[in-house]
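To begin, one chain is listed below as structure tokens, in the form predicted alone.
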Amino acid sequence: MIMKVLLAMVVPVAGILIGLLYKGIDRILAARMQGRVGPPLVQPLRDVRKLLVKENIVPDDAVGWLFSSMPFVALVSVMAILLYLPLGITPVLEGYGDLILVLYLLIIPSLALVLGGFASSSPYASVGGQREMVKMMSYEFPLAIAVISVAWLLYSSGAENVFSLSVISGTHVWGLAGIPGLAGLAVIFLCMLFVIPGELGRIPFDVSEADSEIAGGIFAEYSGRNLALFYLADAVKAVAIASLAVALFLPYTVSGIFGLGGAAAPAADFLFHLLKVFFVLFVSSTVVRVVTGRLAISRVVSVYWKYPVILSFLGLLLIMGGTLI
């Protein structure tokens, strides 16, 4: 129990630091791909420090308690997700929640953004909140299909508790499917990568902020500590959604390969997990935002419903067909 309490304190803090580290790496890599130098690696830490010492302004017409509480709700919810995910080690709250709970928790930060934007009384933030709701309805469907596909594959192999993250991360799903199933898993994994920039509000799906159109959208009235909390929530959410993708599709460890034991085994597996997380975020977020521009809100909906939804259904059918062969 003491160890679980200690890990419950350490894991969220580690998630914040890793998320800010990724933000720094992301900005450097994006700059280099565009022929620029980019900011220093520690720039996200400096940004947070600067926001924390700035004045926290609440608009006169805002619903004050709701406006100020939503950044805290967003950060706490994404930090809670990390306690249920296998981060190369056994989840801190193993047995107290499963994949369905994680999906619900992933929705809370977006809802906090929407409610915070509406509570600010700003027309720009209200437009941003409406766009965020539309975007949520676009990317949640293919994400749900990806989860169901993996659960179906585990169920057809005879596994129990198919929505348990420990069961999922302990099973190499790529070895359970036939050739059609492998093709289906590849399609589902591609759809999962397509969902990540929408979850994180990154280009080309940053329509709820859109500085050049709606002056920052949801964040138009946020400043100081409140904006810092949203900034940290975004950093931790990047780690959480990438860790979920790793748990579903890349649940491999290195401790067994090198015959490690004792404290060295979880340490090596944790570092390998971080490497996979950075790879997933680089492919799904960094590269995409460098080579694309922002989509119109109508295009966001059509893009998600035309491609990831259809492809994810195709992947699910291939997986189901592979289990019947």
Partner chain sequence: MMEHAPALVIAFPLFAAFASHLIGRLGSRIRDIWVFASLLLTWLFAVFLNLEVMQRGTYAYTLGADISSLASPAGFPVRIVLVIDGMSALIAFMAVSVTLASFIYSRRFMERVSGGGESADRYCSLVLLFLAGMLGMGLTGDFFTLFVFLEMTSISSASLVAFFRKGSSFEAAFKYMIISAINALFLLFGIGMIYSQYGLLNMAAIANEMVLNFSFLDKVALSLIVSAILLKLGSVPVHMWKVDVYQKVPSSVAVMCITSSLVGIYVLSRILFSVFFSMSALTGWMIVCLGSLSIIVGVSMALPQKDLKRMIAYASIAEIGYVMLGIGTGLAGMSSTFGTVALSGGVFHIINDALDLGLMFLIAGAVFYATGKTGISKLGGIAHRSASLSVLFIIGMLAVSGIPPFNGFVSKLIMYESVFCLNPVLSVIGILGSILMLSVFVKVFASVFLGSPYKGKFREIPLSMTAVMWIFALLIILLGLFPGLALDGLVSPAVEALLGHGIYMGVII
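Fair warning: this is a prediction, and the values are worked out from it, not measured in the lab. Residue numbers count along the first chain shown, from 1.
Just so you know, the form predicted together with its partner chain exists too; it's not on screen, but the next bit is about it.
Checked against its partner chain in the model of the complex, the residues 283, 260, 63, 267 give one hit for a heavy atom within 4.5 Å, which is 63.
Checked against its partner chain in the model of the complex, the candidates 254, 190, 182, 144 yield a single residue with a heavy atom inside 4.5 Å, and that residue is 144. For residue 105, a non-hydrogen atom is located within 4.5 Å of its partner chain in the model of the complex, even though that partner is not displayed.
Among residues of the shown chain, residue 163 is one whose heavy atoms approach its partner chain to within 4.5 Å in the model of the complex. With a 4.5 Å cutoff on heavy atoms, residue 89 does not count as touching its partner chain in the model of the complex; it lies far away. Although the partner is absent here, residue 174 is not a contact residue: none of its heavy atoms lies within 4.5 angstroms of its partner chain in the model of the complex. Per the 4.5 Å heavy atom criterion, its partner chain in the model of the complex is contacted by stretch 97-105, the sole one of 191-199, 97-105, 174-182, 243-251. Annotation for 71-89: no interface residues with its partner chain in the model of the complex [heavy atom within 4.5 Å].
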